[in-house]
Structures are given as C-alpha cells and as structure tokens.
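Taking the form predicted on its own, here's one chain by itself in structure tokens.
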Amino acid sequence: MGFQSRRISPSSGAEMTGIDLREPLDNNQFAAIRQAWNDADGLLVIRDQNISPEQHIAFSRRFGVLQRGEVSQGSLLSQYYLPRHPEIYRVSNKKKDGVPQGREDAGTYWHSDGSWKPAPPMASLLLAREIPPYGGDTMFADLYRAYETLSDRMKDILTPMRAVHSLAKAQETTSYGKDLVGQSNAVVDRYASHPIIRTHPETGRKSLFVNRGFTDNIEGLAPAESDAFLEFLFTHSSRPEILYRHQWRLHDLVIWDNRCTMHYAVADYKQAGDRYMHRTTVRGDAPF
C-alpha cells in the first residue's frame, strides 16, 4: 500500500491518498499515518474512504479508546448515535419519515471538542457519507500557529495562566448546550480548568488552548480583565492566515487533533441538500 501525502494549506492540513481503510493496516502503516497527522499540525484528510461503520470504528480505535454515546432513556442526545453503534455520532440535517438522522447545526461555533471535560477528547474522525452539491464546509484553526505568532512578552504573561472551560458557556448560546440542559439526567454545571498554553504530548510543541464556545474565564482575573484577555485570544486564534477551510468531498475522512486545533462547522447548506456525516471521538488519556 503506497501512501502519498501533500500539504493542502499554508497553515495546518495535509491530504493523504493511496489508502484503503477497508483493508487491514500493519503497525508500520498506521505509524506512517499518525506521523503524517502530527506533521500536518493535527489535521489529516484521507480521501475516498467508502467504509462501513465497523471499519470506521476499527480504524478509529488505532488512535485510542473511543468515546461511547449517552444512550440512556431520557437523553436527548441518544437519538443522534447510530443504532447498534454507540461509538458513532451522526451529524446531519437529513430526516427519514420526519425523524432526524443526526444532529443538525452541530459545532456551528469555534470550539475544541469537549474542552469543558477534565480530560478532553484527544481526536475526532469525521466521515462524509452524503454531502450537498455546495456548502457545508468546516473551518479549522491551527492553535500551534496561534501560540507561535504571539509576542514573546504575551507568551510569558500567558504561560502560568489557567482558564475555566464550562459547558454552561455553551448552554447560553448553542443548541448543543440547550439540549443538555433539557436532559432529565444532565449535569448542567460541567467544567474544568486547563492551562492556556498547552504542550502537546507527542510533538512537544506548544499551542494556545482556548475557544469561544467553551472557555468561560481566566482564573485569578477580574471579570473585565478576563473578558479583555479572552476576546483578544479568541480573535487572534481565528485569524484568516491560520485557518484551513475544508470543502468536503464524498467519502472524505477528516481526522483532527483537539489538542492543537479548533473548528467551526459552517451551516450554509440546508437549502442545497442533505449532509450526513459519521463521527467517532477518541477519548483523552488524562487531565493535563
């Protein structure tokens, strides 16, 4: 199996071809994929993967333990997991006999998946099973570059700081958060404190770790001070020159590293047609 990899953005992102994930990968082949992912600043696009849910799950497990869905009775999110495959979360505007086939408007704000958890998810793998003729792009921000383009003085100021990431922040503004509030078994006040500057455990590189969707405040600062710092960081980390905008092709598998990227799903496609995606999520190993 001959893999080819090429950069697709001046910032993060590489495209890999020559892979058929319907076939087993040996350890050396998987190591090459993982190295390409790290070399591309945590964003890898693998084209032409018309794979089954079982194959999607099996490949995702090579990265680590997978997150399983909340499928208990009373969970409003349970309807979005693929039946008999709680490792796969469906993201879609598609309906069948009036029943949603996935979560509509998922991720329509800048965020790193689950950053409000003490051990946030390590990676996400999103597969395009149906796409509209246009629209429905996903934007990615390179948080390595966000850190590296700060002034040395700002790096020194931020290095000892920690920020609180809170699900309550999302509940104020996003449909995801509002759904969790509506759950009978929801724990509304879920939050975690993380360093603003994060060191990647595999690459050793530093990245900024804040996002507008979940980062609520900076510990030890007055509210006005915290808001001013965070507004600067939110704007700085989503500047056009450190973004990659992915235009989906059918059967694209996009793997992103939540430790050094954040993303934004552009919800501009609903009049164009159906968008139906399967996502697996790799759990984080431990708090950092």
Ligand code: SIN
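Position 1 is the first residue in the sequence shown; the rest follow in order. Predicted model only: the values in this text are computed from it and were never measured.
Omitted here: the form predicted in complex with ligand SIN. The next part is about that form.
Screening 197, 106, 192, 170 for any heavy atom within 4.5 Å of ligand SIN in the predicted complex leaves a single hit, 106. For the chain shown alone, residue 142 is not a contact residue for ligand SIN in the predicted complex, no non-hydrogen atom being within 4.5 angstroms. Put simply, residue 138 is close to ligand SIN in the predicted complex: some heavy atom of it is within 4.5 Å. Residue 59 falls outside the set of residues with a heavy atom inside 4.5 Å of ligand SIN in the predicted complex. Although the partner is absent here, residue 265 lies within 4.5 Å of ligand SIN in the predicted complex, judged by heavy atoms.
Only one listed stretch (59-67, 221-229, 31-39, 256-264) carries heavy atoms within 4.5 Å of ligand SIN in the predicted complex, and that stretch is 256-264. In the predicted complex, not one residue of 23-40 has a heavy atom within 4.5 Å of ligand SIN.
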